[in-house]
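Shown next as structure tokens: one chain only, the form predicted on its own.
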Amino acid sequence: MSQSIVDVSAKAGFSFDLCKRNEMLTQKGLKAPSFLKTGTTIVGLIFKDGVILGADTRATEGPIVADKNCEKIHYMAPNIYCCGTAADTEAVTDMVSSQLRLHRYETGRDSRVITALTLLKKHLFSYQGHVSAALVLGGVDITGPHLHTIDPNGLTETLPFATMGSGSLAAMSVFEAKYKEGLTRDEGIKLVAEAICSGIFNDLGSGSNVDICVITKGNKEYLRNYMEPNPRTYVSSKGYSFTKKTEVLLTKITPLLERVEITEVGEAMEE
């Protein structure tokens, strides 16, 4: 008797096959890779004439302070800047920044904030959160000032003030208590600096100095190391010396000369 072939389509909905596989591998002793925790405090707010972004300058690798004075406010376009919380942020912002530049060359117009937002969230969503970049995007275009937050999974929010990072709760408490509409430039800078300092003093992953970027229509002002709330208070009077056995690895690159062989072909020409 002939057997009928039934075409069974894939079931709709979420597939739990990988979850069962991961559970089986865990039972056999395989440990899942862990994430390296990073800490930071980045904030942004909209004031009367534009957008103000702020960030601390401490870069951490787990329990290690890798850099005390790194830059977390990245260039996207002349009128758009972005604060990032992790190492992948620099690569993502550089890629999107180049796309925005090509778009400006093609159209002959300034970039819009919504264009940068769409490019960033589409890229992050395509990797389902495996690109570790949490962003605060701010800028001023023809439609006015804009402030957005972008999670690593591509989730976006549009807010009048925003905080992200491990020190975001401390910074948000300052904003919720003191933010109001129609802030002046000086009031906005003071509030952003206070929010960053709150994250610095209440979060171990945040520290060092305060960077601020003020974006208005047709103008940008980057205040590098605007405030230094944690100056170095102790320096050894004897200085720091190293043992004489310390060796420094020197790398010298010697370019190789190309070997060219010349072969004479044919007879010599008569004068």
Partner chain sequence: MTFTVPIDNGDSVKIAEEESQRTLYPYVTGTSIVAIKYKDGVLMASDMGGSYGSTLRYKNIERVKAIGKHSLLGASGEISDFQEILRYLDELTLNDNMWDDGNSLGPKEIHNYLTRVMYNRRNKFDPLWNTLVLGGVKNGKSYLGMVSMIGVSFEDDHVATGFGNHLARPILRDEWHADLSFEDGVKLLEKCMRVLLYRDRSAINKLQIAKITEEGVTVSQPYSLKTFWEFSSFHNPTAGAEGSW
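Positions refer to the first chain, counted from 1. The structure presented is a predicted model; accordingly, all values stated were derived computationally and were not measured.
Keep in mind that the form predicted in complex with the partner chain is not shown, yet the notes after this line are about it.
- Judged by heavy atoms within 4.5 Å of the partner chain in the predicted bound form, the contact stretch among the candidates 67-75, 96-104, 125-133, 197-205 is 197-205.
- Of the heavy atoms in F161, some are within 4.5 Å of the partner chain in the predicted bound form.
- When the partner chain is considered in the predicted bound form, A177 lines it closely, a heavy atom lying within 4.5 Å.
- Although the partner is absent here, L120 sits far enough away that none of its heavy atoms falls within 4.5 Å of the partner chain in the predicted bound form.
- Proximity of M172 to the partner chain in the predicted bound form falls within the 4.5 Å heavy atom cutoff.
- Although the partner chain is omitted here, in the predicted bound form none of D110, V140 and R185 has a heavy atom within 4.5 Å of it.
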